[in-house]
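In the form predicted alone, a lone chain appears below as structure tokens.
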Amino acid sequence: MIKSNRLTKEQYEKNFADIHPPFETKEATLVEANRCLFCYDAPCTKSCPTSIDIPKFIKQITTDNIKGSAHTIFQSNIMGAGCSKVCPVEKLCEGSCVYNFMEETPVTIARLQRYSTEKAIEKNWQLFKRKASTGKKVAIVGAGPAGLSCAHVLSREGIDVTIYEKESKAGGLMTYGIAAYKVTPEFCKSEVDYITGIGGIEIKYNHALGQNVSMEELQKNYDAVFLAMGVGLARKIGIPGEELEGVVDAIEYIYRLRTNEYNALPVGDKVAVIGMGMTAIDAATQAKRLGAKEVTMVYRRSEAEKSCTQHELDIARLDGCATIWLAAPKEIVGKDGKVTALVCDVMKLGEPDSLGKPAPVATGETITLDVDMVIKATGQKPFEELVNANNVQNKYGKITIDNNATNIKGVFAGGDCVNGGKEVVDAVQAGKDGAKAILKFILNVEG
């Protein structure tokens, strides 16, 4: 049965507590920081999409220069605080730590990054001084990581920035689309306030491109436009029963969790999650922590082809989520308009597809799961209709760029609306790249 308010207030608080708690003491922080070998040509820095000088910021922690440490991080990644909570560090910086090759635990870079950046936000250390206004104005569509990153770099150079955001809060997927135990809405607001605290950045909420503001208006009123609206349209699976009550989209489900009290969100007794990416993991763990008795994740390929990290999968398993590999949804069965079962084709792996992954092929056998809720986490698609309506060149909705410039003069783009969806840290770098291209366009300077 799908119902809300399954647990006590204390249980919800425990289930959604910070999954990556900070260091409890300064001494513990220093012990960990002093483990760093301060490698020359550090592999951790190379594997960071924003190229944070990791040995430098850790060295600054060991010398009690916390402001300097935070500045080193924010200089490369203004959302370094949020990224320290949500980055898949096990496949980025920490995964590249040389300790891995010594079969020792890598330096916990994310926790050290969190130590410096959270202190900076808490004490509101504004570590960058905005240059005098140049009189130039830039409009940004989307207040997610790419848009905020771009805005901060531009503002530092004296550009006046206006961000048009369709939601009532900024932060994009950081605010609306990530598991609640990784980042809280309160933290997201603090991070946005810190970023905009430099000045020269105005956010117009509840303003969607094509509804409250047009591309023509933006081109007319600003010296440049940066499109950073991400992706957000859920992909349909295209199987019978998808319209039944109890079938929900993962991003929408997490959105509702992020915008309501935990006890207000209904969850089933037996939940099936379709997909094996990071969003699927987040949806599965959230359902379990909301009080679902059983959560089963189904994926059409084998474990070797999963798109989530092993670390994330381990979290789901520790929460009690089951996994079924080589199972492709065939039909959602219902009674009286409500979900009662999920029928899956049993698959086997065939020749590699266009992505280079072995293609799943149906064996002719099926399995049936008794469920009362199905969460679809099969990815999102770009806003193809929106970009086509504004004559922005694209490939299946993903905006085509050349050094962040679109086919329209003065209009630039970056982040998920270009790449179809990557990590938060990739979006931050895309925002920096976009700002650099815009500065060259309107000021003829290198960013």
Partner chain sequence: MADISANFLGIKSPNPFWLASAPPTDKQTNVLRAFEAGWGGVVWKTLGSQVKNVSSRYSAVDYHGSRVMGFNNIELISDRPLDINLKEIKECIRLFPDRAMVVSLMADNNKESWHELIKKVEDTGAHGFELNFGCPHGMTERGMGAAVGQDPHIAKMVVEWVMEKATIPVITKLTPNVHSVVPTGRAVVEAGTNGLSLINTIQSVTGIDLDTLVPNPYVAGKSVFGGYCGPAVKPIALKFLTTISQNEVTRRVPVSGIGGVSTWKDAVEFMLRGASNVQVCTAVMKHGFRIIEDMCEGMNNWMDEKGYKTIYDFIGKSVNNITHWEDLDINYHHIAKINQDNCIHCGLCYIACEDTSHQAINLDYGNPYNNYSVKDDDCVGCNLCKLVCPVDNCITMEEKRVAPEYMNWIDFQKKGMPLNDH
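Positions refer to the first chain, counted from 1. These numbers come from a predicted model, not from an experiment.
Here the subject shifts to the form predicted in complex with its partner chain, a form of this protein not shown in this document.
Candidate site formed by Leu37, Lys46 and Ser96: every one of these residues places a non-hydrogen atom within 4.5 angstroms of its partner chain in the predicted bound form. Although the partner is absent here, Asp402 lies well away from its partner chain in the predicted bound form, with no heavy atom inside 4.5 Å.
Although the partner is absent here, Met102 sits close enough that one of its heavy atoms falls within 4.5 Å of its partner chain in the predicted bound form. Comparing 411-419, 46-54, 375-383, 392-400 against its partner chain in the predicted bound form, the single stretch with non-hydrogen atoms within 4.5 angstroms of it is 46-54.
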